[in-house]
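Here you get one chain, nothing else, as structure tokens; it is the form predicted on its own.
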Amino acid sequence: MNPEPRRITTDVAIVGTGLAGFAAAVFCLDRGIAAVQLGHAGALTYTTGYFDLLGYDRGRSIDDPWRALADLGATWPGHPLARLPRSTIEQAFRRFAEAIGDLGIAYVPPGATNVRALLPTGLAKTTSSIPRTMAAGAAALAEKKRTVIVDFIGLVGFSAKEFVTNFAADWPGLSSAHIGFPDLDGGAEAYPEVMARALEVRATRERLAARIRAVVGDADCVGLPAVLGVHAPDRVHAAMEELVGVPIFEIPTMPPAVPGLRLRELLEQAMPARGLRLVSQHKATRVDLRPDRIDFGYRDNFGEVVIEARTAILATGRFLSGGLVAERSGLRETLIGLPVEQPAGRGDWHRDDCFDVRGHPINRSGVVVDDDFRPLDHDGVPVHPGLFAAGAILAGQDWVRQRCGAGLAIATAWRAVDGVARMSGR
């Protein structure tokens, strides 16, 4: 005889532990809405740590994201960001960046224009909000400051020489240095996460700073791969600047990278202390859409658990996170079986040119929602009055090509929480 499942009752169940899911959790707690968040590892550790709003469209880089958002409806009428007023997007974006800062990772607030942020291969991307540990890098690029880029013996995922070579034409004041990291300089492969955790120890910082000072020369600032601590990176960053004596900035390494790991560990550790009930490393295996609530079932080491929620936010992402799956018969939403807007057939998924500036039709696929961001059935009717969706699972956007992933996640999470708040009386 199987025992009765344990039950958790809540105002809202947030399904997904990526950026959209955690943004929804932040906004729920702001409003006093009881929330349970459920999901596996998510894709946060694959991010650069940058918060993109809208950086690229129709083959061109965007300097003014707000103007581009205002024009988005003409070219992408179904785009989720085109369906939201600027005030909503701006409020959501600023609040989330502020919340992350309050939790322990300071961000430069989004401004009127995008900034050019550094990438590990010696390229730049347009983005809206960046960690303060990386801000001096964007400024150094803009002002063409004399800068030495430092990497470490055995480091995997970043090359200072490659970075300098690829930036040579745009940034003539660059040079590179290759040094040993304390206790990891024997020639074996070394990984950014190991270095980042080591730099949380003062003695390691002092030893590394001495090695960096030896190669600074007449440089105005120093660029490092993103290894300045996993926890409290702003404190580690400030300590290293004081020890070295010049401004220091971080550059993301190839994913999975420390900036994404920081965000993930920060949110997983800090949010439960603020009232979120986080069920990490577990996926919902069944859903029951009842008239007055939505039940999600999962299994842990002690048996079956059922989350009984008055409302729910589906933030399961797309292909990488498992929210959608591609099969021979087409694309399928994996948890509830929601209809997926998609090309008519597999032959229409991709264009002939891999680098076509229009992108590939498959990357606009997703769940169709109404103006309250409730998923719709085949007849255009909300699947359930209390079910909302946010983030990359939404149809009508190509977040990778448009560099709008964070803006999409954060702004649509805000709108979904608006719906939850109305139904919860909050």
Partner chain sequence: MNFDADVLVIGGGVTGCGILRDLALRGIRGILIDRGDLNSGASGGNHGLLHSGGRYASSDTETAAECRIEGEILKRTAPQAIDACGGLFVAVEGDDEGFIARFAARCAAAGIDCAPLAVDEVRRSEPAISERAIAAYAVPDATVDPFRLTIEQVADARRLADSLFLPHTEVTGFDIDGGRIRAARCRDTRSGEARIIRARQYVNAAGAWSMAVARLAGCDDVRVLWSKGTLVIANTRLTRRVVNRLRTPGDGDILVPGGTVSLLGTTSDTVADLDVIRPTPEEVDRNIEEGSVLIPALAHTRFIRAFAGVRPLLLPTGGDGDGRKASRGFTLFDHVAQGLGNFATIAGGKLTTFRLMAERTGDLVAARLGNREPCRTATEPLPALERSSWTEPGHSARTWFAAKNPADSILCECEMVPKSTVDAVLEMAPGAEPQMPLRAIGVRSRIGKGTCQGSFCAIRVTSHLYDRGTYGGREGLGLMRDFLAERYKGTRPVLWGPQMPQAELAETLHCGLLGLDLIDARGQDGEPR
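Residue numbers count along the first chain shown, from 1. Quantities reported herein were computed from a predicted structural model and do not represent experimental measurements.
The form predicted in complex with the partner chain is left out here; the points below concern that form.
**Q** Report yes if any heavy atom of R415 sits within 4.5 Å of a heavy atom of the partner chain in the model of the complex; otherwise report no.
**A** Looking in the model of the complex, residue contacts with the partner chain do not include R415, since no heavy atom lies within 4.5 Å.
**Q** Does the partner chain come within 4.5 Å of any heavy atom of H378 in the model of the complex?
**A** So H378 does not count as contacting the partner chain.
**Q** Within 4.5 Å, heavy atoms only: does S129 come near the partner chain in the model of the complex?
**A** Looking in the model of the complex, residue contacts with the partner chain do not include S129, since no heavy atom lies within 4.5 Å.
**Q** Mark T253 yes when one of its heavy atoms lies within 4.5 Å of a heavy atom of the partner chain in the model of the complex, and no otherwise.
**A** The answer is yes: T253 has a heavy atom within 4.5 Å of the partner chain.
**Q** Heavy atoms within 4.5 Å of the partner chain in the model of the complex: which stretch among 381 to 389, 59 to 67, 367 to 375, 31 to 39?
**A** Looking at the other structure, the answer is 59 to 67.
**Q** Just to confirm, with a 4.5 Å cut-off on non-hydrogen atoms, which of G297, P120, G180, P343 contacts the partner chain in the model of the complex?
**A** That would be P120.
**Q** Using a 4.5 Å heavy atom cut-off, which residue among D288, D71, D102, E327 comes into contact with the partner chain in the model of the complex?
**A** In short, E327.
**Q** Let me know which residues along 176 to 191 have a heavy atom within 4.5 Å of the partner chain in the model of the complex, or say none if there are none.
**A** Residues within 4.5 Å: G187, A188, E189.
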